[in-house]
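Given next, in structure tokens, is a single chain: the form predicted alone.
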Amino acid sequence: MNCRSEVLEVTVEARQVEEAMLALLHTILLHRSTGKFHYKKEGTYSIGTVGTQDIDCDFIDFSFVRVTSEELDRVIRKAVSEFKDALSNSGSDGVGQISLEFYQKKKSRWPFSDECIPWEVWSIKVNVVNLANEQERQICREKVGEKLGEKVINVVEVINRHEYLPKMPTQSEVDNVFDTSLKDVQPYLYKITYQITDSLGTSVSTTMRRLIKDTLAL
């Protein structure tokens, strides 16, 4: 099985990191979650509904839709908060990557542990810029909102392609495909990882600064 890999890249202010990551990760998970499975007998089941919620950002002119699940939101926020703290404490120029990997388990014979086979990975590269004044920050607020809108459209287009998804499991195998630990929603099995890099994505940050200066010149 080939693992699909998608890369998104954003340039933000430090105060925008958390909201930008939440917007993108929640958008992906919205399309990679189902309602809870309710089995009547083996091979027969119903799927619960998934509620959605509009979220307005405080530091970006942007709103996004997420699954109405406080449990899932807490898990995502914890991972994003750890990434943001690592980014700010790294002493580097503010460059990092957070990844959302979807996988399925393949049972192994005792004494070996189950094999986790990734089938889709989303990597979000983050460049943090420092801005000089409130006017630049206001322009960045608008520009980042526009860019996030483009990224969300890109995510939806990718997910709507007819590509591999794990087949619906039987009751005995549901934990090999879905995370069943949450009480109100059932995402595909996933894990979130991050890494901090040492050098600034100069071309990307320069592009953002040029966008801001061009706007100021109008």
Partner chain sequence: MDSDLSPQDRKDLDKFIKFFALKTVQVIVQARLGEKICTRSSSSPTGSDWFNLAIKDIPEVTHEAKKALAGQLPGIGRSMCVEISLKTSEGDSMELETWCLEMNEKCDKDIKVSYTVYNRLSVLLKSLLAITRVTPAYKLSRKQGHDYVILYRIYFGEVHLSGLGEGFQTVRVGVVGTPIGTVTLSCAYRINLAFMSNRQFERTAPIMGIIVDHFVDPPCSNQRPANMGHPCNYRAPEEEEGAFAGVQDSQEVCTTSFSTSPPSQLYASRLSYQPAAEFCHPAANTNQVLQGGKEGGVVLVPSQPPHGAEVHLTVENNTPSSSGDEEGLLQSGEGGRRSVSPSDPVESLSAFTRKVGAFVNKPSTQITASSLDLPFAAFAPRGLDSEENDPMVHPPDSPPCQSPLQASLHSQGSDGSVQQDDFVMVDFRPAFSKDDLMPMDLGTFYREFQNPPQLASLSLNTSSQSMADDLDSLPEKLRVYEKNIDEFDAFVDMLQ
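Being a predicted model, the structure only gives us computed values, none of them experimental. Numbering follows the first chain given and starts at 1.
As for the form predicted in complex with its partner chain, it is not shown, yet the points below apply to it.
**Student:** Specify the contacting stretch among 82 to 90, 96 to 104, 110 to 118, 141 to 149, defined as having any heavy atom within 4.5 Å of its partner chain in the predicted complex.
**Tutor:** Stretch 141 to 149 is the one.
**Student:** In the predicted complex, which of the listed residues (Ser181, Thr44, Asn160, Ser172) lies with a heavy atom within 4.5 Å of its partner chain?
**Tutor:** Only one listed residue qualifies here, and that residue is Asn160.
**Student:** Mark Asn176 yes when one of its heavy atoms lies within 4.5 Å of a heavy atom of its partner chain in the predicted complex, and no otherwise.
**Tutor:** No, Asn176 stays farther than 4.5 Å from its partner chain in the predicted complex.
**Student:** Report yes if any heavy atom of His31 sits within 4.5 Å of a heavy atom of its partner chain in the predicted complex; otherwise report no.
**Tutor:** Taking the distances in the predicted complex, the answer for His31 is yes, it comes within 4.5 Å of its partner chain.
**Student:** Against its partner chain in the predicted complex, would Phe62 count as a contact residue? Criterion: heavy atoms within 4.5 Å.
**Tutor:** It does: once its partner chain is placed as it appears in the predicted complex, Phe62 has a heavy atom within 4.5 Å of it.
**Student:** Although the partner isn't part of this model, could you tell me whether Thr52 comes within 4.5 Å of its partner chain in the predicted complex, counting any heavy atom of the residue?
**Tutor:** Looking in the predicted complex, residue contacts with its partner chain include Thr52, since a heavy atom lies within 4.5 Å.
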